[in-house]
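One chain comes next, on its own, written as C-alpha cells: the form predicted alone.
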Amino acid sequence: MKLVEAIIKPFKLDEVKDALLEIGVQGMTVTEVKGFGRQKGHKETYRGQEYTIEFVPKVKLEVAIQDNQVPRVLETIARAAKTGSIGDGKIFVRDLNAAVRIRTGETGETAL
C-alpha cells in the first residue's frame, strides 16, 4: 500500500478530484496548507503598499492506494494539476504499513 501526497494549486482541486474519481480512486483527504518552494512567495499590492507573501496558499491531497495503482494515480494527478507555470506543486509517495477501516475492522488493502 502507498500514501500519495500531492501539494497543488487550490483552483485545480476539483479537476484533480474528478480525474481521480474517473480512474476509480474512492477516497481522499484534502487539507488547506501554506508553503513555498523555488518561487519563494510572491508580491501583492494593497492600498498602494507592496507586500511580500512568503507562504503561498496550496491544497494538500492525500490518497491511500494499492501498489499497482501508483503509476496511474501519479500520471492522473500530474496531468490534472499542471498549469505549466511556476508553483504547480509536488507529488510524494510514501509506504503505508497498515490501514484499518474503523467501522468494520477490515485491515490492509481491503480497508482502502
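So that there is no doubt, residue numbering starts at 1 and follows the sequence shown. Source: prediction; values computed, not measured.
In what follows, reference is made to the form predicted in complex with another copy of the chain, a form of this protein that is not presented.
Q. Using 4.5 Å between non-hydrogen atoms, is residue 60 touching another copy of the chain in the predicted bound form?
A. Flag for residue 60 set to yes.
**Q.** 4.5 Å heavy atom contact, residue 72 and another copy of the chain in the predicted bound form
**A.** Close contact is absent here: in the predicted bound form, residue 72 is far from another copy of the chain, nothing within 4.5 Å, heavy atoms only.
Q | 4.5 Å heavy atom contact, residue 19 and another copy of the chain in the predicted bound form | A | It does not: once another copy of the chain is placed as it appears in the predicted bound form, residue 19 has no heavy atom within 4.5 Å of it.
Q.
Considering non-hydrogen atoms and a 4.5 Å limit, does another copy of the chain approach residue 11 in the predicted bound form?
A. No, no contact at 4.5 Å.
Q: Using the arrangement in the predicted bound form, list in sequence order the residues of 78 to 106 with any heavy atom within 4.5 angstroms of another copy of the chain.
A: Sequence-ordered list: 78, 81, 82, 84, 85, 86, 88, 89, 90, 91, 92, 93, 94, 95, 96, 97, 98, 99, 100, 101, 102, 103.
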